[in-house]
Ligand code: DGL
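A single chain, nothing else alongside it, follows as C-alpha coordinates in the form predicted alone.
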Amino acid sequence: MSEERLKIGVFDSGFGGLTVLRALLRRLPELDFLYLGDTARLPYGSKSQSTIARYALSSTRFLIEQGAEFLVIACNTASALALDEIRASTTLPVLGVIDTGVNEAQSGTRTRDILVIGTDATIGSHAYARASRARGLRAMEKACPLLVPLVEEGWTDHPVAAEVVRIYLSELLAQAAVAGLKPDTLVLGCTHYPLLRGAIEAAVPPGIRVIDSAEATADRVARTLEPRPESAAGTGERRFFATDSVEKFQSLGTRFLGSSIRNIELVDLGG
(Lines give C-alpha, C1' and ligand atoms only; values in the text may rest on other atoms or scores of the structure.)
Protein backbone atom coordinates (compact mmCIF):
# COMPACT_ATOMS: atom_id res chain seq x y z
CA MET A 1 0.00 0.00 0.00
CA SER A 2 1.16 3.50 -0.71
CA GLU A 3 2.06 5.72 2.24
CA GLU A 4 0.11 8.74 1.03
CA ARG A 5 -3.44 9.23 -0.15
CA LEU A 6 -4.44 5.70 0.67
CA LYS A 7 -7.55 4.69 -1.27
CA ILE A 8 -10.18 2.78 0.67
CA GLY A 9 -12.83 0.96 -1.35
CA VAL A 10 -16.22 0.63 0.34
CA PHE A 11 -18.76 -1.75 -1.15
CA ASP A 12 -22.44 -2.42 -0.50
CA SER A 13 -25.31 -3.82 -2.49
CA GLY A 14 -27.07 -0.48 -2.11
CA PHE A 15 -27.26 2.56 0.12
CA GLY A 16 -26.86 1.30 3.68
CA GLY A 17 -23.10 1.07 3.41
CA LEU A 18 -23.04 4.85 3.20
CA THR A 19 -23.51 4.87 6.99
CA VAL A 20 -20.16 3.05 7.16
CA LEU A 21 -18.62 5.58 4.79
CA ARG A 22 -20.09 8.39 6.90
CA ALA A 23 -18.34 7.01 9.99
CA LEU A 24 -15.10 6.51 8.05
CA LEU A 25 -15.12 10.07 6.76
CA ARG A 26 -15.40 11.42 10.30
CA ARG A 27 -12.34 9.46 11.42
CA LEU A 28 -10.20 9.48 8.29
CA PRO A 29 -11.06 12.62 6.29
CA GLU A 30 -7.59 12.86 4.78
CA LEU A 31 -7.87 9.56 2.88
CA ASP A 32 -9.36 8.88 -0.55
CA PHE A 33 -12.59 6.86 -0.65
CA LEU A 34 -14.27 4.92 -3.42
CA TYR A 35 -17.87 3.85 -2.76
CA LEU A 36 -19.72 1.36 -4.95
CA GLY A 37 -23.43 0.67 -4.52
CA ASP A 38 -24.44 -2.35 -6.62
CA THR A 39 -27.98 -1.01 -6.89
CA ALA A 40 -28.83 -2.79 -10.15
CA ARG A 41 -28.55 -6.19 -8.46
CA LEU A 42 -30.06 -5.55 -5.04
CA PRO A 43 -31.42 -6.98 -2.87
CA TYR A 44 -28.65 -9.49 -2.34
CA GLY A 45 -30.65 -11.21 0.39
CA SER A 46 -33.01 -12.87 -2.08
CA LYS A 47 -30.14 -14.45 -4.04
CA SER A 48 -28.25 -17.72 -3.54
CA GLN A 49 -24.90 -17.74 -1.78
CA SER A 50 -23.06 -18.47 -5.05
CA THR A 51 -24.78 -15.54 -6.78
CA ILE A 52 -24.04 -13.21 -3.87
CA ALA A 53 -20.39 -14.25 -3.97
CA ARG A 54 -20.24 -13.66 -7.74
CA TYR A 55 -21.78 -10.21 -7.42
CA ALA A 56 -19.55 -9.27 -4.50
CA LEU A 57 -16.41 -10.45 -6.30
CA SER A 58 -17.19 -8.46 -9.43
CA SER A 59 -17.89 -5.37 -7.30
CA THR A 60 -14.69 -5.62 -5.28
CA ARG A 61 -12.66 -6.30 -8.43
CA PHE A 62 -14.04 -3.07 -9.85
CA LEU A 63 -12.92 -1.14 -6.76
CA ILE A 64 -9.46 -2.67 -7.00
CA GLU A 65 -9.27 -1.66 -10.68
CA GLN A 66 -10.11 1.89 -9.57
CA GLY A 67 -7.11 1.86 -7.24
CA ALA A 68 -8.52 0.65 -3.91
CA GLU A 69 -5.79 -0.52 -1.53
CA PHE A 70 -8.00 -1.50 1.40
CA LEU A 71 -11.49 -3.01 1.09
CA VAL A 72 -14.40 -2.50 3.48
CA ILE A 73 -17.36 -4.78 2.83
CA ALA A 74 -20.09 -2.50 4.19
CA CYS A 75 -22.82 -5.04 3.49
CA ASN A 76 -23.97 -7.52 6.11
CA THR A 77 -25.22 -10.02 3.53
CA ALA A 78 -21.95 -10.00 1.59
CA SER A 79 -19.96 -10.08 4.85
CA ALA A 80 -21.98 -13.10 5.96
CA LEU A 81 -21.96 -15.06 2.70
CA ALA A 82 -19.04 -13.90 0.55
CA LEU A 83 -16.25 -12.59 2.79
CA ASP A 84 -14.10 -15.73 2.51
CA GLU A 85 -14.33 -15.65 -1.30
CA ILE A 86 -13.43 -11.96 -1.39
CA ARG A 87 -10.41 -12.47 0.86
CA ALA A 88 -9.26 -15.45 -1.22
CA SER A 89 -9.42 -13.33 -4.38
CA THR A 90 -7.01 -10.57 -3.32
CA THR A 91 -3.94 -9.85 -1.25
CA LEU A 92 -5.39 -6.53 -0.09
CA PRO A 93 -6.69 -6.10 3.46
CA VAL A 94 -10.43 -6.87 3.59
CA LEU A 95 -12.70 -5.97 6.49
CA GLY A 96 -16.34 -6.95 6.93
CA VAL A 97 -18.97 -5.47 9.21
CA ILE A 98 -19.94 -8.62 11.12
CA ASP A 99 -16.66 -9.36 12.90
CA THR A 100 -16.20 -5.71 13.81
CA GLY A 101 -19.66 -5.49 15.34
CA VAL A 102 -19.23 -8.67 17.36
CA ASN A 103 -15.74 -7.65 18.48
CA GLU A 104 -17.19 -4.40 19.80
CA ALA A 105 -19.91 -6.33 21.60
CA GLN A 106 -17.33 -8.66 23.13
CA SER A 107 -15.28 -5.77 24.44
CA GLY A 108 -18.20 -4.22 26.31
CA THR A 109 -20.52 -7.00 27.44
CA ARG A 110 -20.53 -8.08 31.06
CA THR A 111 -23.16 -10.83 30.86
CA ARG A 112 -21.69 -12.37 27.63
CA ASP A 113 -25.25 -12.40 26.24
CA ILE A 114 -26.03 -10.22 23.22
CA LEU A 115 -28.93 -9.47 20.90
CA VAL A 116 -28.64 -9.00 17.13
CA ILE A 117 -31.17 -7.57 14.68
CA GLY A 118 -30.80 -7.67 10.91
CA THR A 119 -32.39 -8.56 7.60
CA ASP A 120 -33.82 -11.99 6.79
CA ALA A 121 -30.71 -12.93 4.79
CA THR A 122 -28.20 -11.87 7.43
CA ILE A 123 -30.07 -13.48 10.30
CA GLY A 124 -30.77 -16.58 8.22
CA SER A 125 -27.04 -17.02 7.65
CA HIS A 126 -26.45 -17.09 11.45
CA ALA A 127 -23.13 -15.37 10.80
CA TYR A 128 -23.51 -13.23 13.92
CA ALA A 129 -24.34 -16.28 16.04
CA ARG A 130 -21.25 -18.12 14.75
CA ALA A 131 -19.00 -15.12 15.29
CA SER A 132 -20.43 -14.73 18.79
CA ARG A 133 -19.90 -18.38 19.73
CA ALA A 134 -16.29 -18.14 18.53
CA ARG A 135 -15.80 -15.38 21.11
CA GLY A 136 -17.57 -17.12 23.96
CA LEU A 137 -20.77 -15.09 23.63
CA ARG A 138 -24.38 -16.20 23.43
CA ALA A 139 -26.40 -14.40 20.77
CA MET A 140 -30.13 -14.19 20.22
CA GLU A 141 -30.85 -13.07 16.65
CA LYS A 142 -34.00 -11.62 15.10
CA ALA A 143 -34.88 -10.68 11.53
CA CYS A 144 -36.64 -7.32 11.21
CA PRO A 145 -37.64 -7.19 7.53
CA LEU A 146 -39.86 -4.11 7.78
CA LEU A 147 -37.08 -1.79 8.95
CA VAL A 148 -35.19 -1.39 5.67
CA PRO A 149 -38.24 -0.25 3.66
CA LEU A 150 -39.20 2.15 6.45
CA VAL A 151 -35.74 3.71 6.35
CA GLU A 152 -35.73 3.93 2.56
CA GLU A 153 -39.18 5.53 2.67
CA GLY A 154 -37.72 8.21 4.92
CA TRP A 155 -39.91 7.27 7.89
CA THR A 156 -37.08 7.15 10.41
CA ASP A 157 -38.83 9.57 12.78
CA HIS A 158 -42.37 8.40 12.02
CA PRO A 159 -44.53 6.92 14.82
CA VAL A 160 -45.12 3.87 12.65
CA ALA A 161 -41.38 3.15 12.54
CA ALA A 162 -41.11 3.59 16.31
CA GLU A 163 -43.97 1.16 16.86
CA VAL A 164 -42.54 -1.44 14.47
CA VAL A 165 -39.17 -1.19 16.23
CA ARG A 166 -40.88 -1.54 19.62
CA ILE A 167 -42.75 -4.69 18.52
CA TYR A 168 -39.67 -6.36 17.07
CA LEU A 169 -37.53 -5.64 20.12
CA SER A 170 -40.25 -6.62 22.58
CA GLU A 171 -40.46 -9.99 20.84
CA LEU A 172 -36.68 -10.37 20.84
CA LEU A 173 -36.37 -9.51 24.54
CA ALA A 174 -39.13 -12.00 25.36
CA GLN A 175 -37.37 -14.73 23.36
CA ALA A 176 -34.11 -13.98 25.16
CA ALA A 177 -35.83 -14.22 28.54
CA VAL A 178 -37.36 -17.61 27.65
CA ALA A 179 -33.88 -18.82 26.62
CA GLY A 180 -32.45 -17.70 29.96
CA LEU A 181 -30.28 -14.97 28.48
CA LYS A 182 -29.50 -11.70 30.25
CA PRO A 183 -28.48 -9.48 27.34
CA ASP A 184 -26.70 -6.20 27.96
CA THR A 185 -25.78 -5.45 24.33
CA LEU A 186 -27.72 -5.04 21.08
CA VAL A 187 -25.85 -5.17 17.77
CA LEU A 188 -27.37 -3.41 14.77
CA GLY A 189 -26.73 -6.03 12.12
CA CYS A 190 -27.83 -3.91 9.16
CA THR A 191 -26.26 -0.70 7.91
CA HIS A 192 -29.72 0.86 7.47
CA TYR A 193 -30.46 0.63 11.18
CA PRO A 194 -28.25 3.50 12.42
CA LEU A 195 -30.89 5.82 10.95
CA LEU A 196 -33.36 4.29 13.43
CA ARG A 197 -31.03 4.41 16.40
CA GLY A 198 -33.19 6.81 18.39
CA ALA A 199 -36.23 4.56 18.11
CA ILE A 200 -34.14 1.48 18.85
CA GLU A 201 -32.56 2.95 21.98
CA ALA A 202 -36.01 4.03 23.18
CA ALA A 203 -37.32 0.49 22.77
CA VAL A 204 -34.72 -1.34 24.89
CA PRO A 205 -34.09 -1.17 28.65
CA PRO A 206 -31.53 1.48 29.73
CA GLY A 207 -28.99 -1.20 30.66
CA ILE A 208 -28.66 -2.45 27.10
CA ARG A 209 -25.88 -0.85 25.05
CA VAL A 210 -26.60 -0.39 21.34
CA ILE A 211 -23.69 -1.10 18.99
CA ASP A 212 -23.62 0.37 15.52
CA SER A 213 -21.51 -1.91 13.32
CA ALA A 214 -20.82 1.04 11.00
CA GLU A 215 -19.12 2.94 13.81
CA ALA A 216 -17.32 -0.20 15.00
CA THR A 217 -16.04 -0.86 11.48
CA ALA A 218 -14.75 2.70 11.08
CA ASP A 219 -12.99 2.46 14.45
CA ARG A 220 -11.32 -0.78 13.38
CA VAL A 221 -10.14 0.69 10.07
CA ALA A 222 -8.71 3.74 11.86
CA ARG A 223 -6.87 1.54 14.38
CA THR A 224 -5.54 -0.69 11.61
CA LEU A 225 -4.09 2.27 9.71
CA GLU A 226 -2.43 3.97 12.69
CA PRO A 227 0.02 5.59 12.70
CA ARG A 228 -0.73 7.42 9.45
CA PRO A 229 1.89 9.61 7.77
CA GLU A 230 1.71 13.27 8.78
CA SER A 231 1.88 14.23 5.12
CA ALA A 232 -1.55 12.65 4.58
CA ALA A 233 -3.45 15.74 5.66
CA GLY A 234 -6.39 17.75 4.41
CA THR A 235 -9.43 16.21 2.74
CA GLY A 236 -9.14 13.30 0.37
CA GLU A 237 -11.03 12.54 -2.83
CA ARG A 238 -14.47 10.92 -2.73
CA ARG A 239 -15.77 9.01 -5.74
CA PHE A 240 -19.16 7.34 -5.92
CA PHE A 241 -20.27 4.58 -8.30
CA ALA A 242 -23.70 3.02 -8.80
CA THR A 243 -24.83 0.24 -11.09
CA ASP A 244 -28.33 1.70 -11.52
CA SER A 245 -30.26 5.01 -11.35
CA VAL A 246 -27.82 7.76 -10.45
CA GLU A 247 -30.75 10.01 -9.57
CA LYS A 248 -32.11 7.59 -6.97
CA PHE A 249 -28.65 6.99 -5.57
CA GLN A 250 -28.15 10.71 -5.15
CA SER A 251 -31.49 11.40 -3.45
CA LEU A 252 -31.59 8.34 -1.20
CA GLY A 253 -27.86 8.14 -0.61
CA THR A 254 -27.70 11.70 0.69
CA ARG A 255 -29.99 10.64 3.54
CA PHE A 256 -27.62 7.85 4.56
CA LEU A 257 -24.40 9.81 4.15
CA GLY A 258 -25.76 12.88 5.89
CA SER A 259 -24.39 15.19 3.20
CA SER A 260 -24.95 15.78 -0.49
CA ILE A 261 -23.51 13.37 -3.03
CA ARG A 262 -22.28 14.70 -6.36
CA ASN A 263 -20.64 13.31 -9.47
CA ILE A 264 -21.94 9.76 -9.20
CA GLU A 265 -20.59 7.53 -11.95
CA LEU A 266 -22.86 4.91 -13.50
CA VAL A 267 -21.05 1.61 -14.12
CA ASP A 268 -22.08 -1.69 -15.68
CA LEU A 269 -20.77 -4.78 -13.90
CA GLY A 270 -22.82 -7.22 -15.97
CA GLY A 271 -25.40 -9.71 -14.80
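Not measured: the values here are computed from a predicted model. So that the term is clear: the rigid core is the largest set of C-alpha atoms that superpose within 1.5 Å between two forms. Each residue number is its position in the shown sequence, starting from 1.
As for the form predicted together with the named molecule, it is not shown, yet the points below apply to it.
- Checked against the named molecule in the predicted bound form, the residues 100, 185, 132, 77 give one hit for a heavy atom within 4.5 Å, which is 77.
- Heavy atoms within 4.5 Å of the named molecule in the predicted bound form map, among the stretches 159 to 167, 104 to 112, 191 to 199, 87 to 95, onto 191 to 199 alone.
- Using a 4.5 angstroms limit between non-hydrogen atoms, residue 67 is distant from the named molecule in the predicted bound form.
- The shortest heavy atom separation between residue 44 and the named molecule in the predicted bound form is within 4.5 Å.
- Put simply, residue 148 is close to the named molecule in the predicted bound form: some heavy atom of it is within 4.5 Å.
- Taking the named molecule as it sits in the predicted bound form, the stretch 104 to 142 comes within 4.5 angstroms of it through a non-hydrogen atom at 119, 122.
- In a rigid-core overlay of the protein, residue 47 has its C-alpha displaced by at least 2 Å between the shown form and the other one.
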